[in-house]
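So this first bit is one chain, no partners, the form predicted alone, shown in structure tokens.
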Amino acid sequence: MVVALLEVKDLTVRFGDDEAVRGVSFSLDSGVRTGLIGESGCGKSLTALAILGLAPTTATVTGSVRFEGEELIGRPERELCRLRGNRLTVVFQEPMSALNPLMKVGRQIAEVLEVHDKAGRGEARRRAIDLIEMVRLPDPSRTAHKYPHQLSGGQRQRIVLAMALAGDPALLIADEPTTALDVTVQADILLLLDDLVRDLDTSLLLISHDLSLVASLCEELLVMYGGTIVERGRVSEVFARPLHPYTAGLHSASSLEHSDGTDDLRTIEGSVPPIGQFPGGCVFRNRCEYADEVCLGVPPLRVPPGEPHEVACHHPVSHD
């Protein structure tokens, strides 16, 4: 029996009585690049934090997160610290907040190697320089001696990526890794990320609201709305035949739908409800043109269960 690299079952994150992530279930296989998309406020980043054991201390996390066959929910923080930065790593959207402003960047990368690989100080420094070269920064030895403020935003993100890859991770979670960068730099970072995960055969969970970014980097797709997964499938299949009205709306509102730029992009009416104000029944019903009485009272299940393309909707979009 083949065990998934990451298996999430019924993951729920509560703040008091309010559920911000609601029964999320999905699995990731080794070597696969998966996108997790949705508008801000849908629960994408909180899902990632819960997987990593980094959810806010005010949150209650239940369900199951199994990584390489081992349960992470309820695991002691000491054990999670040994795992994070080693087999399971993350790149956040703001590199300056991820780096220590008082420590040279080469030293920060070397520290990861010393903690997780038990490398000696000299070996760790040499490997840190190799990692700086791997992320395509010029003059790695000189760059290693710089502080974060002496680097540009794109250079800092490359350093964060080098730190994330230092432990030869099985899974890299990238949470909006280019949002804080300008468009030109974004393209360079994404090309680098694509090359590195392919070369290292690292699985990728890419969190984004940018459909074109996910389409270019990922093979599998998870669509999230209102704290739950509403559609799952191969990127090519979901973008060609979106079944959930929310996915179809995101697609119509993206540059993927009108790549020639001649038509105005559509919008999805309304906005994502705040935590604690999700409607009963289908969470998307307040913004959906197909909603009826069934959607009002009964939460939809993902169907067909276990199939390559699943959707949680009482009235899937027809492509006949």
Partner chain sequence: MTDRLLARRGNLTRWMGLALVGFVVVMAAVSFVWQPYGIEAIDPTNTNTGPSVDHWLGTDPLGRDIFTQILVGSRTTLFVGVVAVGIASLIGVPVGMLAGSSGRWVNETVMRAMDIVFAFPAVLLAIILAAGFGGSTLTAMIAIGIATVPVFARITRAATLQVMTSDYVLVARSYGRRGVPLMVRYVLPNIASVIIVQASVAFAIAILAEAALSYLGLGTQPPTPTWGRSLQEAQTYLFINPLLPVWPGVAIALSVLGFNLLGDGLRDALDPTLRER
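Numbering follows the first chain given and starts at 1. Quick caveat, the model's predicted, so the values are computed rather than measured.
Missing here is the form predicted together with the partner chain; even so, the following discussion is about that form.
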field: Contact segment among 199 to 207, 122 to 130, 226 to 234, 99 to 107, judged by heavy atoms lying within 4.5 Å of the partner chain in the predicted complex
entry: 99 to 107
statement: The one option of A144, M163, L72, L243 with any heavy atom within 4.5 Å of the partner chain in the predicted complex is M163
- request: State the residue from A291, L49, V32, V61 whose non-hydrogen atoms include one within 4.5 Å of the partner chain in the predicted complex.
  value: L49
query: Is L171 close enough to touch the partner chain in the predicted complex, meaning at least one heavy atom pair within 4.5 Å?
result: no
- prompt: Could you tell me if L222 has a non-hydrogen atom within 4.5 Å of the partner chain in the predicted complex?
  reply: no
- request: Evaluate G53 for contact with the partner chain in the predicted complex, applying a 4.5 angstroms cut-off between non-hydrogen atoms, and reply yes or no.
  value: yes
- request: Quick one: name the residues from 103 to 117 with any non-hydrogen atom within 4.5 angstroms of the partner chain in the predicted complex.
  value: M103, R107, Q108, E111, V112, E114, V115, H116
